[in-house]
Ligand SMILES: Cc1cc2nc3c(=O)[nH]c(=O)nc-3n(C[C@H](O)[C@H](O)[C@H](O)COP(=O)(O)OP(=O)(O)OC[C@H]3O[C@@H](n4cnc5c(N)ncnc54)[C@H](O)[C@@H]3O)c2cc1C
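Take a look at this single chain, the form predicted alone, given in structure tokens.
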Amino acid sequence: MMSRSTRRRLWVPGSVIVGAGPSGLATAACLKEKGIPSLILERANCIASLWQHKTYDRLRLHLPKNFCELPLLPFPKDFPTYPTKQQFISYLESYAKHFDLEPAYNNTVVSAEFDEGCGFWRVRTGVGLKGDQETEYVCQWLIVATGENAEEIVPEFEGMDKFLGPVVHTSSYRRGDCFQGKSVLVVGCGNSGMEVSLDLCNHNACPSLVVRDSVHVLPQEMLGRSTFGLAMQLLKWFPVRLVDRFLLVISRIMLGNTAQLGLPRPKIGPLELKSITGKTPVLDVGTLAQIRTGKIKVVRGIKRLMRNAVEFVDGMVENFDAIILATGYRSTAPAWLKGKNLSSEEDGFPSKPFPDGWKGHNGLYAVGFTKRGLLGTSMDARRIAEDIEKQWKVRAVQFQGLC
């Protein structure tokens, strides 16, 4: 093992930001606008690697663009209300160029620890693919911007090693043309599972959707406005439970009783459930219509896998050619962030509930862990930059006093 003395050690006069996704870019831009330098460390070879390499082609932003723009730079006016995946990537690339953000790519952080002795953070990156030397970055402020969706969650099922067909995570799914005419089981009924099922249906595959628990499905728009935007306006005037009741009444009128389609609703309303658990309601973009026609079949939870079939918890057995896991992602922060300074070692999310989870101790911050999408990311980025600016100014005054 390489000793600390043989590593290259670099001082960063500002903050180290781990992650060059929307969260890292937004925070770096906010800091730069205040004249504070930062260094972005990114394990991949590009910005927003999740969006560029691990998302399906039909993906669009689920919320209107005005709720998804990053600080200090709006979306182009000619972008549609719900930008496509490629449009969003183009926006992020323009964002990085506009603020002259140049992440240090192919730098995987293997540990980050606050050194009580010197009062700074030591952030260590591993040896690269080319055999690069390990580097230790020393900084006053560390910003965890790896986000909620850094690593795929792949569940284990009995008999998984016996199933003969492909079992892939949605991070490897691009489009449904290669599944034409095949029977495909989609595991997970969140937004990704619903959209992948619809995409498979549009490519003449035969998808079945695993719905293990209750789920709120809302129309993407209601009363001529985005459901999210309407809910945000109503929350300014009414309590969350009353707004939930309104959303559910309108959804029942527009979508019918989803329980009859095999999609029972939770007892808690969608907004209240989101605030308590972080579980996002599904915004329907056409999947329910295909479930009604029978082109997408709803099935119960998986009991076990067999060579060419799946047995479900209700005893039903069906044959499948492939399985797609729409089972989400997890944070990687617990693997490299040392100490219980800010986040839980179990899931990597801040220990403090929203809206206070962005700040830890000893100059540690987290951005993009609000479970409130890009809107939460922008809020965190602004708060972090404002907080660091206060400390930056104090240090500047102290330095001038010494001169």
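Everything numeric in this text was worked out from a predicted model, so none of it was measured. In case it trips you up, residue 1 is the first one in the sequence shown, and so on.
In what follows, reference is made to the form predicted in complex with this ligand, a form of this protein that is not presented.
Put simply, of T332, Q290, T258, S208 only one has a heavy atom within 4.5 Å of this ligand in the predicted complex, and it is T332. Only one of the listed residues (L142, L200, A145, L185) places a non-hydrogen atom within 4.5 angstroms of this ligand in the predicted complex, and that residue is A145. Under a 4.5 angstroms non-hydrogen atom cutoff, this ligand in the predicted complex lacks S15 among its neighbouring residues.
Interface membership of S49, defined by any non-hydrogen atom within 4.5 Å of this ligand in the predicted complex, is confirmed. The shortest heavy atom separation between N107 and this ligand in the predicted complex is within 4.5 Å. Within this chain, T55 lines the site of this ligand in the predicted complex, having a heavy atom no more than 4.5 Å away. Comment: 146-154 is the region of 146-154, 308-316, 160-168, 114-122 lying near this ligand in the predicted complex, near meaning a non-hydrogen atom within 4.5 Å. Against this ligand in the predicted complex, the set A20, R43 and L374 is in full contact: each member has a heavy atom within 4.5 Å. Contact residues in stretch 62-76 (any heavy atom within 4.5 Å of this ligand, taken in the predicted complex) are H62, L63, C68.
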